[in-house]
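Quick setup: one chain, the form predicted alone, written in structure tokens, and binding and motion questions come after.
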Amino acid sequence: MALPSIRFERRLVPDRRLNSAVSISSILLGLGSTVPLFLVAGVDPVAAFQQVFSVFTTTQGVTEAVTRSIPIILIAVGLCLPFKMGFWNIGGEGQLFMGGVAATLMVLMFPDSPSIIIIPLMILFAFLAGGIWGVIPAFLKARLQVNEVLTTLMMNFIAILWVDFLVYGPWRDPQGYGFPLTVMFPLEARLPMIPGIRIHSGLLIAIASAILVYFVLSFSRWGYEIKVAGQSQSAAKYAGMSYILLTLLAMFLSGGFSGLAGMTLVSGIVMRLRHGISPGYGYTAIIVAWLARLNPIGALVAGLLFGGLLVSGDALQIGLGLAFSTVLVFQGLILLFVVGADVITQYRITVSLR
């Protein structure tokens, strides 16, 4: 009697419809797997999910979700570049903080500048600061083979502590009653609101960034080289591509977009630099990038979803008395299912008799 033989065969051509179905299923499974958590906490799961999805049914909820999603989208869009190369940039959080520092520095140096000057300066230097912060671990990886997960992660703590040093020390507002924050930004240094909606213009920056990176990855020679290098470093080198240069450029741009995220935070939401300006946007963006299958346009949708999850965390706290960490459980479970589902998108199961 012949016995069935089960094998995993790699898919040569990605199935976009399958990728979309798997991403949606991962979200649903991640949310559904939290039901036992609600039951243990003594909360009706139906009431909890009503609180979660109510964010997307009101104008105020959607506005807040979009605002929260802007830095997440910017970081996730940037992460698509090194992730395509197989370079694991876990440093979006630190690059965000450095972008916030650079934007604040421009405000402190040129406090009386008009918007037409100070806003472009903040954008430029935030991008440069985040990009330089990203290049450091890329250089260590490309030249010395230092594990990028460790370097990018540890540099997050350096950047966060650097911000703490500034807001507790030389940049602390003398009129701030001792709180760790800088002076309030003048109106000229704040991102203008989009006419007709209560969302700052950082949303336009995020959309433009996603479209730009999409076209770079899809239609440029450099985007093609990134994909080749991600599939095989040896093949890229054999074809005459400089893996070191590709890595440095990808991480500079990735860090730059994260720096822009920091600029949108200090200029569009907080209106100053302070302790803990980010609740972990850099880490959330990693999940968003994977959920979007490293597609910058998909990161727009996935980022909005996770922005809504962050807002729903506030609703769960107020309405049901749950801890905000419940949202972190949502995010972790969704990432778990997304990563696990990669087996389905990358391989097909074949059964044969032998």
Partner chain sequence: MTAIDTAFAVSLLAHAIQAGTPLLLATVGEIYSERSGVLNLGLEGIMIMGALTAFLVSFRTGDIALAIVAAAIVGALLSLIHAFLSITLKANQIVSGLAISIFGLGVSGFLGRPLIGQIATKLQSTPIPLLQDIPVLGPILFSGDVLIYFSVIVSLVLWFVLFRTRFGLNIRSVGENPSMADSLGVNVDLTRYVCVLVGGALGGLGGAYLSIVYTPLWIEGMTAGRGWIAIALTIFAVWNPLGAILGAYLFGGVIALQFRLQAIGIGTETPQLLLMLPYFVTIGTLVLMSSATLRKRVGVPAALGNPYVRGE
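Numbering follows the first chain given and starts at 1. The structure presented is a predicted model; accordingly, all values stated were derived computationally and were not measured.
The next section is about a form of this same protein that is not shown, the form predicted in complex with the partner chain.
- Taking the partner from elsewhere, Leu187 is found to have every heavy atom lying beyond 4.5 Å of the partner chain in the predicted bound form.
- None of the heavy atoms of Val311 is located within 4.5 Å of the partner chain in the predicted bound form.
- Taking non-hydrogen atoms only, Ala21 never approaches the partner chain to within 4.5 angstroms in the predicted bound form.
- Within 4.5 Å of any heavy atom of the partner chain in the predicted bound form lies no heavy atom of Thr59.
- Highlighted residues Val149, Leu161 and Ala323: every one comes within 4.5 Å of the partner chain in the predicted bound form, counting any heavy atom.
- Checking Phe139, Tyr243, Phe110, Phe165 for any heavy atom within 4.5 Å of the partner chain in the predicted bound form turns up a single hit: Phe165.
- Exactly one listed residue, out of Ile297, Leu29, Leu305, Leu37, brings a non-hydrogen atom to within 4.5 Å of the partner chain in the predicted bound form: Leu37.
- Only one of 99 to 107, 83 to 91, 190 to 198, 203 to 211 places residue heavy atoms within 4.5 angstroms of the partner chain in the predicted bound form, namely 83 to 91.
- Along 312 to 334, residues Gln317, Gly321, Leu322, Ala323, Ser325, Thr326, Leu328, Val329, Gln331, Gly332, Leu333 each place a heavy atom within 4.5 Å of the partner chain in the predicted bound form.
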